[in-house]
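Before any questions on how it binds or moves, here is one chain, the form predicted alone, in structure tokens.
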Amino acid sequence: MESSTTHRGNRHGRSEEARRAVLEAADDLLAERGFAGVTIEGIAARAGVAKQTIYRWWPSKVDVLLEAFTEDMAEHLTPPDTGDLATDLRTHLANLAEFLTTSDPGAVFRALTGQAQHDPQLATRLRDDHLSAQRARDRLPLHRAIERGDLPADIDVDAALDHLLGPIHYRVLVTGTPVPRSFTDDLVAAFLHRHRPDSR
């Protein structure tokens, strides 16, 4: 006789395992099939959970993809803290370029950004609820450098980030040009030349 604790329609015995399986399945399917090819049914089948399990946690596939992307950003795009601004920026920009161009989460980002061009509500959610958290992480190396006295206290941090990160996003989302390590290192060198001439 089956135990009353048996989970029917879900091969995962714990909710957290099921949640992770759903997020990973959404990432994988989007990378394989594109935004239009991702469905709740497909995610459920790939993750080995019931559709009802997904709908209990997320109202739509967009919500699944947004959560997957947000968790991936927090895991892979938290800047290092070595105590050296140049090292931290070089590492962070190189990680960002690799994340956006070669990873499944990067494919999720490109798909969500493309869909947001036609969906103002998604654009607002993506910008205000998800990318804002990454923007806060991106600021960390600059704020730490200011506290150490390695950057001027009056530097415009957001403008500095635009100069550092904007060219990477432009290549990824607009031109499709490769973003090699030499390119991201040059961005850091130009930034340091402007704001820390003694670091050349």
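Basically, rigid core = biggest C-alpha set you can superpose within 1.5 Å across the two forms. For every residue, the number given is its place in the sequence shown, counted from 1. Just so you know, these numbers come straight off a predicted model, no measurement behind them.
Omitted from view is the form predicted in complex with a further copy of the same chain, to which the following refers.
Only one of R137, K51, R171, R144 comes within 4.5 Å of a further copy of the same chain in the predicted complex through a heavy atom, and that residue is R171. Three-residue candidate spot E17, T39 and G42; no residue lies within 4.5 angstroms of a further copy of the same chain in the predicted complex by any non-hydrogen atom. Contact check for W57: no non-hydrogen atom falls within 4.5 Å of a further copy of the same chain in the predicted complex. Under a 4.5 angstroms non-hydrogen atom cutoff, a further copy of the same chain in the predicted complex has A111 among its neighbouring residues. Although the partner is absent here, Q117 lies within 4.5 Å of a further copy of the same chain in the predicted complex, judged by heavy atoms. With a 4.5 Å cutoff on heavy atoms, L131 counts as touching a further copy of the same chain in the predicted complex.
Stretch-level contact check against a further copy of the same chain in the predicted complex with heavy atoms at 4.5 Å: of 157-165, 66-74, 144-152, 43-51, the positive one is 157-165. For the stretch 172-196, the set of residues having any non-hydrogen atom within 4.5 angstroms of a further copy of the same chain in the predicted complex comprises V172, L173, V174, T175, G176, F183, D186, L187, A189, A190, H193, R194, in sequence order.
In this overlay on the rigid core, L29 has a C-alpha that sits 2 Å or more away from its partner position between this form and the one not shown.
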